[in-house]
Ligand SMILES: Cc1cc2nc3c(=O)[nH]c(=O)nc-3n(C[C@H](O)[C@H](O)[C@H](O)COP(=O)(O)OP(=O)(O)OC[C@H]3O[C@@H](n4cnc5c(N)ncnc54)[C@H](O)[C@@H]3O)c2cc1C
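Next up: just one chain, as C-alpha cells, the form predicted alone.
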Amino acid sequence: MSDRASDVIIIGGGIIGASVALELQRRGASVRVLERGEPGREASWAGAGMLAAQDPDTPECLRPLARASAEIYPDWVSELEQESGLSADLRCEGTIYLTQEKKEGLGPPLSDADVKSREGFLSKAPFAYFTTEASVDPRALMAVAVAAAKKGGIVISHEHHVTAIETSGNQAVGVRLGNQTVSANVIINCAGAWTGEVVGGEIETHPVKGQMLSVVPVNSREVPLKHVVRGDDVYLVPRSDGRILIGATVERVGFDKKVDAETILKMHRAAMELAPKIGEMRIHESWAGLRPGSPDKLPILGETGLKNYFAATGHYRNGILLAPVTARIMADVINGDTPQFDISRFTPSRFS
C-alpha cells in the first residue's frame, strides 16, 4: 500500500521536527510530520528550557549557532504565539550563575550585594555571574508550535512509527510504516534519541537520560524565584505559574526513563544549598527524559549518504535553544541555498 503524502516528510514531532516543518511550510513546501507517539512528549516535554547561549561548556564550534538562535528567539516565539493564540512563557529575566570556580566567558563576577539585590534568598558562592540568558517552557512551546503548524496546514500524524527509509538506487523516495509506504520528495529524520532506529541511511544517535523535579510554593502568595539560577551541581528554572524546575542528571542507561527517588531527593538537597527557601516548597512532580546524543556531542545537520534524506538531530542538551536556527539551516540546505553558518562540523558524513 502506498500513499503520496507531501513534498516533505519529517520523522519526529519534537521541537526540532516541528520547527523545521514550520520553516519549510513558510517557504512554500507541503509538509507532513510523522510522530511515533504524541508530538512533543519526549525530550522536548522533559527539558528545562534554558536558552543558555553563553554556557561555557558549549563547544566552541557550536557557539555561533547558539548565539544566533538566542537572538532570534523572541521574534520567533512571538510569531508562533500570534499564529497559535497560545503562550510559550518566554522569560527574559536573565540567569545567575553561582559557582565554586571562576568561569570564563560569563562577564565580571557579581558581588554578594549584587546577588542579594537580584535574588534575596540565594546562598553565597565564591563566584557569581549574571547573563541575559532567557528561558522558555518547552511544554508550552510545543503546544504553541503544534497549534501554529496545524493552522498553517502542516499534517501532524500521531502514533506513526517509521521503521525504514524506502530507496530507489541511492535516493530516498519515502518511508515505511509497517506495511504502508509513504512517499515524498524529501525526508528529514528529526527523531531525536530514536533517530538511529530508522533502517536505511543509518544515523548514529543514543539516548542520554535526564531526571528532573519541580517544586511549588505551599503558600500561593509567596513570590517565586525570578531568575534562572545555575550552580555547579543543579540548576533552578522558574515558570510564570509559580513552579520551579530543578535538574538534571546526565545518564547513559539506554532507553530507561524510570525515575529514581534517591536521585530526585539528592537534586532537591542540592537545590536547597543554592536557595534554602526551596526546602519550604512542595515537590510537585518528577520525571525523566531522553536527550538525543551523538558520538561527538554535536548536532547532526544536513544530507545523509542517501540523496534527499536529511538529518536534524543529536542536539543533546540544546534542542530547545537551537530549534529556530536549526529550522533555518535545514530549510536553506534542502532548498539548495548556502546556510548562513558553516555546518561542516555537523554534517552526517563526518561519521562515515
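Residues carry their position along the shown sequence, with the first being 1. Model, not experiment: these values are computed from the prediction.
Keep in mind that the form predicted together with the named molecule is missing from the display, and what follows is about it.
Of the listed positions (160, 268, 103, 277), a single one reaches within 4.5 angstroms of the named molecule by any non-hydrogen atom in the predicted complex, namely 160. In summary, among the residues 306, 66, 29, 46, the only one with a non-hydrogen atom within 4.5 Å of the named molecule in the predicted complex is 46. The stretch that touches the named molecule in the predicted complex, counting heavy atoms within 4.5 Å, is 183 to 191, out of 183 to 191, 268 to 276, 88 to 96, 106 to 114. Among residues of the shown chain, residue 21 is not one whose heavy atoms approach the named molecule to within 4.5 Å in the predicted complex. For residue 300, no non-hydrogen atom is located within 4.5 Å of the named molecule in the predicted complex, even though that partner is not displayed. In the predicted complex, at least one heavy atom of residue 248 sits within 4.5 Å of a heavy atom of the named molecule. Although the partner is absent here, residue 235 is a contact residue: one of its heavy atoms lies within 4.5 angstroms of the named molecule in the predicted complex. Although the named molecule is not shown here, in the predicted complex the stretch 14 to 34 places heavy atoms of 14, 15, 16, 17, 34 within 4.5 Å of it, in sequence order.
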